[in-house]
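One chain comes next, on its own, written as structure tokens: the form predicted alone.
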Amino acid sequence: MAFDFDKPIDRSATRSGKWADPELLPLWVADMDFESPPVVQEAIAARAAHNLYGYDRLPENYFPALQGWFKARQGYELKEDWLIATSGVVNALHLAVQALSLPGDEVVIQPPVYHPFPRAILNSGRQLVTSPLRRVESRYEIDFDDLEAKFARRRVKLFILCNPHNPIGKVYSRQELKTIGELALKHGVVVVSDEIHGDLILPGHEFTPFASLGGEHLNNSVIATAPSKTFNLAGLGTSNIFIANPGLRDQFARFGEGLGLHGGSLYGFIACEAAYRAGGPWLDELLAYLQGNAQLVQGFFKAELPEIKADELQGSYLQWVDFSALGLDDEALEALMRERAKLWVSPGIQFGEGGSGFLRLNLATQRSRLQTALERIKAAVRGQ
């Protein structure tokens, strides 16, 4: 491999949020312990050498880099006027909720799901409506009857889709997305699709961007993307939102302007352009490494702790693990991880309904650290 993902990296002197507690091995927040691609490092270093950091514009080749990347990697053609740069996908979700609905309106999500989703809804004075994913053995399915019933509610205006789905690691099929899109059109619900993990698709699986459905589906959607998870750039605060519908785009843009919000940062724009222009080989090796980590985790639990079930990971580097057979409540399970295993993990209950008894583990770390974490889990569980 051209890139060394096994190399240990000491992050203790960088004010890393992930490594904030020196007593715990962190497998929680979606932040990788890998250096960003060399092409990104070189682009940032070249700009830093100028020694003047004033107001900035998008790089000349910014949109062409995005357009080439999404066409080659995800199979659809972007138009430049669709693009609105923001400082992060979570910020964009808050903007979308407030720009495209009114106080008191309802927004649908599918728990267990990324916990900023309900915050974006409730903090905006909107009403939260849930259509929980249905767990069938060790996989999840959409309850389309329930989803349609929720879409049919008079005040439902938006549906926030998470694809790939965080925390369960599911990549939705084209047919599932098409059915979602048809129900949304039928009931006048706009789809806001968080696709921040859309480039992190493990070998053997295929990602379908919601926008690639085209036609009315494209025109009824807001697509939220960012290079942050893919290339470990979250600290640079740059995301790219694509809105093909001029009316929706104008509402979104005007609301952001009304709050004085302007997206991106000097280094964020530079890093994004470099990553999308030349980061493909690095990403391909990263995905192979992540698949190896997923196989390690799933194989370890199957062989050493068969009562604990690690779901198949299709997309992202976030492993959803069922610890319910231990018979512990959520507080006790988290305490077992922190106090006995000395691990910092994401409790499943944080992701809402259906998350109780689960933990989310971040696999984007050196394999040796992951092996250490697994051995700690085994010792904690066997010695509880």
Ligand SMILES: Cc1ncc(COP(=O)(O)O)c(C=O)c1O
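Since we're looking at a predicted model, the values are computed, not measured. Start at 1 and count along the sequence shown; that's the residue number.
Beyond what is shown, the protein has a form predicted in complex with the named molecule; the following relates to that form.
A.B. asks: Would you point out which of 213-221, 196-204, 279-287, 123-131 contains residues with a non-hydrogen atom within 4.5 Å of the named molecule in the model of the complex?
C.D. replies: One stretch meets the cut-off, namely 196-204.
A.B. asks: Select from the listed residues Leu305, Leu266, Val90, Ala310 the one whose heavy atoms reach within 4.5 Å of the named molecule in the model of the complex.
C.D. replies: Checking each option against the named molecule in the model of the complex, the one that comes within 4.5 Å is Val90.
A.B. asks: Work out which of Val40, Leu343, Leu333, Ala30 lies within 4.5 Å of the named molecule in the model of the complex, going by heavy atoms.
C.D. replies: Residue within 4.5 Å of the partner: Ala30.
A.B. asks: State yes only if every one of Gln110, Ile142 and Trp320 has a non-hydrogen atom within 4.5 Å of the named molecule in the model of the complex; otherwise state no.
C.D. replies: The answer is no: none of the three residues contacts the partner (heavy atom, 4.5 Å cut-off).
A.B. asks: So in the model of the complex, does Lys229 come within 4.5 Å of the named molecule, heavy atom to heavy atom?
C.D. replies: Lys229: yes, in contact with the named molecule in the model of the complex.
A.B. asks: Contact between Cys162 and the named molecule in the model of the complex at 4.5 Å, heavy atoms?
C.D. replies: Cys162: contacts the named molecule in the model of the complex.
A.B. asks: Against the named molecule in the model of the complex, would Thr208 count as a contact residue? Criterion: heavy atoms within 4.5 Å.
C.D. replies: Heavy-atom contact with the named molecule at 4.5 Å: absent for Thr208.
A.B. asks: Give a yes/no on whether Gln314 approaches the named molecule to within 4.5 Å in the model of the complex, heavy atoms considered.
C.D. replies: It does not: once the named molecule is placed as it appears in the model of the complex, Gln314 has no heavy atom within 4.5 Å of it.
A.B. asks: Can you name the residues of 164-182 that have a non-hydrogen atom within 4.5 angstroms of the named molecule in the model of the complex?
C.D. replies: Counting only heavy atoms within 4.5 Å of the named molecule in the model of the complex, the single contacting residue of 164-182 is Asn166.
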